[in-house]
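The data below hold one chain only, encoded as structure tokens and taken in the form predicted alone.
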Amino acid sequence: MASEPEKVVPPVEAPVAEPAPPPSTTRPTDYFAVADVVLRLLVFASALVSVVVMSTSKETEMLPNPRPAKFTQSPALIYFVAALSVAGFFSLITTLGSLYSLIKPGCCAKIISHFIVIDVLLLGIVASATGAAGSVTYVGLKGNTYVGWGKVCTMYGKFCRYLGASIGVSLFASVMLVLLVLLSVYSLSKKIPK
């Protein structure tokens, strides 16, 4: 018998491992930190706009003698400008701190806990100043017949429009501060180990 030729089986090649892709140099984006920075910038911008609008609210009405209406004539409006100036200043400082924590994420928990305290204090200050200025503006708009105070906004329309716009913008700042407090508490609760 003729011998059959032996079948030559080619050797099985070991699978070649592909080199692993290089590690990614970019970190995943922390959307809470980005939202924190954006909200803080919005608080700063709204506080700045509110202070500028209130500070420029001046109108002189020619009655028998000229009578100017300025924000410096009411202690509540002076408090409003001072409170919103402080809120704008601290929101600018905390924005820089928030940007730092975005760049260096290891120090987040301590900074966030400090920011919560500052944000709650600023919220109380801005809300009380907005309420005080709003009450003075409301009395100027509607008057108070029980004590004999007449409507002032019928004579000083531009002044009252400036006051209303400034108070509206400060209400926006108050809402942004509430959102900042909620965001900070939520992001801090995510960092607590379970």
Partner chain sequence: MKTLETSNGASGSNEGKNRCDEEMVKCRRYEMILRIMGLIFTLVAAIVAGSNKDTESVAISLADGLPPLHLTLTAKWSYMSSTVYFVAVNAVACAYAAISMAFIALTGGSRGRNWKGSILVVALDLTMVALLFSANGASASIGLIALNGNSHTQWHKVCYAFKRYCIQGGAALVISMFGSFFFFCIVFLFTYNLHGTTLNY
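Keep in mind it's a predicted model, so treat the numbers as computed, not measured. Residue numbers count along the first chain shown, from 1.
The same protein also has a form predicted together with the partner chain, omitted here; what follows describes it.
Trainee: Each of 51, 55 and 88 within 4.5 Å of the partner chain in the model of the complex, by any heavy atom, yes or no?
Mentor: No, because 51, 55 and 88 lack any heavy atom that approaches the partner chain to within 4.5 Å in the model of the complex.
Trainee: Between the options 39, 136, 169, 33, which residue brings a heavy atom to within 4.5 Å of the partner chain in the model of the complex?
Mentor: Of 39, 136, 169, 33, the residue with a heavy atom within 4.5 Å of the partner chain in the model of the complex is 136.
Trainee: Just checking whether residue 154 would be counted as a contact of the partner chain in the model of the complex - the rule being heavy atoms within 4.5 angstroms.
Mentor: Heavy-atom contact with the partner chain at 4.5 Å: absent for residue 154.
Trainee: Just to confirm, residue 117 within 4.5 Å of the partner chain in the model of the complex by heavy atoms?
Mentor: Residue 117 belongs to the contact set for the partner chain.
Trainee: So, in the model of the complex, is residue 81 in contact with the partner chain at a 4.5 angstroms heavy atom limit?
Mentor: No - in the model of the complex, heavy atoms of residue 81 and the partner chain never come within 4.5 Å of each other.
Trainee: Evaluate residue 165 for contact with the partner chain in the model of the complex, applying a 4.5 angstroms cut-off between non-hydrogen atoms, and reply yes or no.
Mentor: Residue 165: no, not in contact with the partner chain in the model of the complex.
Trainee: Which residues from 153 to 188 come close to the partner chain in the model of the complex, meaning a heavy atom within 4.5 Å?
Mentor: 178, 181, 182, 185, 186, 188, in sequence order.
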